[in-house]
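Here we start with a single chain on its own, the form predicted on its own, put down as structure tokens.
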Amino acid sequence: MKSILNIALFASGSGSNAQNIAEYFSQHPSLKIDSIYANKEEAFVLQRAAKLAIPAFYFPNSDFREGTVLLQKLRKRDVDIIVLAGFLLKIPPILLEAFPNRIINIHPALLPKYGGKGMFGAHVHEAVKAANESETGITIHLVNEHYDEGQILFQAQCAIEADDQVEQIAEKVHALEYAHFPHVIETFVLSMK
């Protein structure tokens, strides 16, 4: 087994989770954030990567769906694990086959509730609010061929007050993401060594 395992982060937007993860692992003795990938040229995560001095790459959605070019780049960089940190595209079969049980995602709700196609970001929090839920949370899970149906690695809950608006729910969920996602990644990846 390699002495240092390389992690690739995939993100579609701002990249606050990606930055939080990268900072967590910046001095780690055996896990390294090798690279960051975005499917939107204007994604702020690419600027965050530059400030963190982490190699970053943009790929168009067509390249992602086809998968070969991206897989070649991941293999060339000797990536061991992929972490989806606010990445919105469904992972194509070629990557699922190349990284079996080695792609980790975070979902902003307590799966199996509020998962599936189209359920991301504010859409999830709006659905939780509309259903008058008394709690929500995060689910960190492995990725398989179906949206939000992979093996659950970890869940954390937070209470929702009756007067919480969607923005307050989102803030509570983000706090859970920042607090737990890096540690769960670390625990899972180290268990593979």
Ligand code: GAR
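Counting begins at 1, following the sequence as shown. Worth saying up front: this structure is predicted, and the values here are computed from it rather than measured.
Omitted from view is the form predicted together with this ligand, to which the following refers.
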| property | result |
| --- | --- |
| H180, heavy atom within 4.5 angstroms of this ligand in the predicted complex | no |
| Distance check, L74 to this ligand in the predicted complex, heavy atom within 4.5 Å | no |
| Residue contact check: M119 to this ligand in the predicted complex, 4.5 Å heavy atom | yes |
| Proximity of A85 to this ligand in the predicted complex, heavy atoms at 4.5 Å | yes |
